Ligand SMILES: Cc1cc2nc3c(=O)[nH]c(=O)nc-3n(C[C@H](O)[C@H](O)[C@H](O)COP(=O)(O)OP(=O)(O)OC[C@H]3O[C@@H](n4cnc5c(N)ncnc54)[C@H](O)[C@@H]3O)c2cc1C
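Quick heads-up: it's one chain on its own, the form predicted on its own, in structure tokens.
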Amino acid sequence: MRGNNHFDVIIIGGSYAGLAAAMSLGRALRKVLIIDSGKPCNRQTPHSHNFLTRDGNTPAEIAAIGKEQVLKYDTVQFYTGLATSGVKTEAGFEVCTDKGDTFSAVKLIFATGIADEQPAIPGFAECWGISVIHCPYCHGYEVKKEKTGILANGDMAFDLVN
């Protein structure tokens, strides 16, 4: 880590949303720390779609390009690790990591994305994002003429069937 451990903003989550926030803040000359575990929910997905200028790239390729662009701003730093706790202080916030490091900031942004809840079906997790798809807008085109099953909890699934 460069410099001291106090920042204007700490961003928890270094995938697309966290990187986008960091870019805006870096351009505004804010001292920013991105804390990221390196385990995005889309890490198994072989190709990303519906992403203008990057259709067909892997999520890792897209994130790597974003990270490279964001880290060109010298007020932005990247920390690989997991934020394990955070507390409100008089001056802002204090965040601790799984490595025992502590950082403080005036502001805190949570860009942690989602965690997909998967059923306990043997083989399901291994196929997630590959042959078990979660978004018809991201992956539906590739399976447009294939037989498809929908696993859902509620009536919203009926909107996906035609």
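Owing to the predicted nature of the structure, the values given are computational and were not obtained by experimental measurement. Residue positions are given as counts along the sequence shown, with the first one as 1.
Keep in mind that the form predicted together with the named molecule is missing from the display, and what follows is about it.
Contact check for residue 111: a non-hydrogen atom falls within 4.5 Å of the named molecule in the predicted bound form. For the chain shown alone, residue 35 is a contact residue for the named molecule in the predicted bound form, at least one non-hydrogen atom being within 4.5 angstroms. The named molecule is not shown here, and in the predicted bound form it never comes within 4.5 Å of any heavy atom of residue 86. Although the partner is absent here, residue 82 sits close enough that one of its heavy atoms falls within 4.5 Å of the named molecule in the predicted bound form.
Only one segment in the set 25-33, 130-138, 101-109, 66-74 has any non-hydrogen atom within 4.5 angstroms of the named molecule in the predicted bound form, and it is 130-138. Along 40-61, a non-hydrogen atom within 4.5 Å of the named molecule in the predicted bound form is carried by 40, 41, 42, 45, 47, 48, 49, in order along the sequence.
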